[in-house]
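Next up: just one chain, as structure tokens, the form predicted alone.
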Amino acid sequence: MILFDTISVGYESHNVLAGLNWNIEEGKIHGLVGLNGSGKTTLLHAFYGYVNPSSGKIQRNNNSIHRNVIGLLETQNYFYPLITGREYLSIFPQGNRPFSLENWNKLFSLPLDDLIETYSTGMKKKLALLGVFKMDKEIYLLDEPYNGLDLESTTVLKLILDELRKSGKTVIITSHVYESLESVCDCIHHLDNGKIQMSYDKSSFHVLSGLLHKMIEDKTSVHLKKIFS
């Protein structure tokens, strides 16, 4: 079990996370949703250790959690200029599980010997995913992994995630496309006002979907009235 105990993270005078509590059952795929600006990326960065909480602690089985067991996929990945996809993947250390680049790339069909500058947005996302999966971590934090992926690649990613779950990995995914989370997650957690408001299992995903749509409609209606009144 991974425990977030009253985690707070702020920037200047603004608290993004405010006394957040969250229990994460390992060996499952967890979705993390919230409206824009709710703090999803900040929460993943606190998990990974990119930002230090001003208060609270993150523990795994009552011990401090270490970055070396976590693989992080950023929303926007940095690629060194003038290197090929193959050279980019060589930067990542291989984990304990054998990693056959040839077999993995049959899933995504990337031109690995071409410069990354020639890649589309979706191709860059697939390359970044390969780099993260090569490290074979116990926990994966995937921030908007579906951005730029076409229908085939989205399906391939779902099948990869299913295999990671079967092998006991813990995965946390953020996505602006709620339906992509419904199809793969065991639980989805709603982040709002700096806290996890509620966690939903598969039987209640439809409740969260309705709640999110209502929040978006209410927020949009306020602005539309100002425009069209």
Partner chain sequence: MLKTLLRIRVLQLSRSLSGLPLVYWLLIAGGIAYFSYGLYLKLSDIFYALISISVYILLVLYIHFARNDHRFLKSVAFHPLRIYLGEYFCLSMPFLVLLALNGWWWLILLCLCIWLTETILLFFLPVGNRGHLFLGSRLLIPLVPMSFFEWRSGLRKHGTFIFIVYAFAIGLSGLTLVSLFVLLLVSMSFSSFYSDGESAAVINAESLSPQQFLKHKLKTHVIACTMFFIPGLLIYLFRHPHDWIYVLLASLIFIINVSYFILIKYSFYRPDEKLAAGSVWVAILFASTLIPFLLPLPLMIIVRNYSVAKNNLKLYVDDTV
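What you see is a predicted model; the values in this text were computed from it and never measured. Residue numbers count along the first chain shown, from 1.
Beyond the structure shown, there is the form predicted together with the partner chain, which is absent from this document and is the topic of what follows.
**Student:** Can you pick out, from 146, 88, 119, 99, the residue that has a heavy atom within 4.5 Å of the partner chain in the predicted complex?
**Tutor:** Only one option qualifies, and that one is 88.
**Student:** Please tell me which of 166, 57, 67, 202 lies within 4.5 Å of the partner chain in the predicted complex, judged by heavy atoms.
**Tutor:** Spelling it out, the residue with a heavy atom inside the cut-off is 67.
**Student:** Out of the stretches listed (166 to 174, 42 to 50, 183 to 191, 58 to 66), which one is close to the partner chain in the predicted complex, meaning heavy atoms within 4.5 Å?
**Tutor:** Within 4.5 Å of the partner lies stretch 42 to 50.
**Student:** With a cut-off of 4.5 Å between heavy atoms, is residue 136 one of the residues that contacts the partner chain in the predicted complex?
**Tutor:** Although the partner chain is absent here, residue 136 would stay clear of it in the predicted complex, with no heavy atoms inside 4.5 Å.
**Student:** Looking in the predicted complex, any heavy atom of residue 82 within 4.5 Å of the partner chain?
**Tutor:** The answer is yes: residue 82 has a heavy atom within 4.5 Å of the partner chain.
**Student:** Report yes if any heavy atom of residue 92 sits within 4.5 Å of a heavy atom of the partner chain in the predicted complex; otherwise report no.
**Tutor:** Yes, residue 92 lies within 4.5 Å of the partner chain in the predicted complex.
**Student:** With a 4.5 Å heavy atom cut-off, would you call residue 159 a contact of the partner chain in the predicted complex?
**Tutor:** Output for residue 159 is no: heavy atoms all beyond 4.5 Å of the partner chain.
**Student:** Where, within 99 to 121, is there a heavy atom within 4.5 Å of the partner chain in the predicted complex? Residue list please.
**Tutor:** If the 4.5 Å heavy-atom criterion is applied to the partner chain in the predicted complex, 99 to 121 yields only 115.
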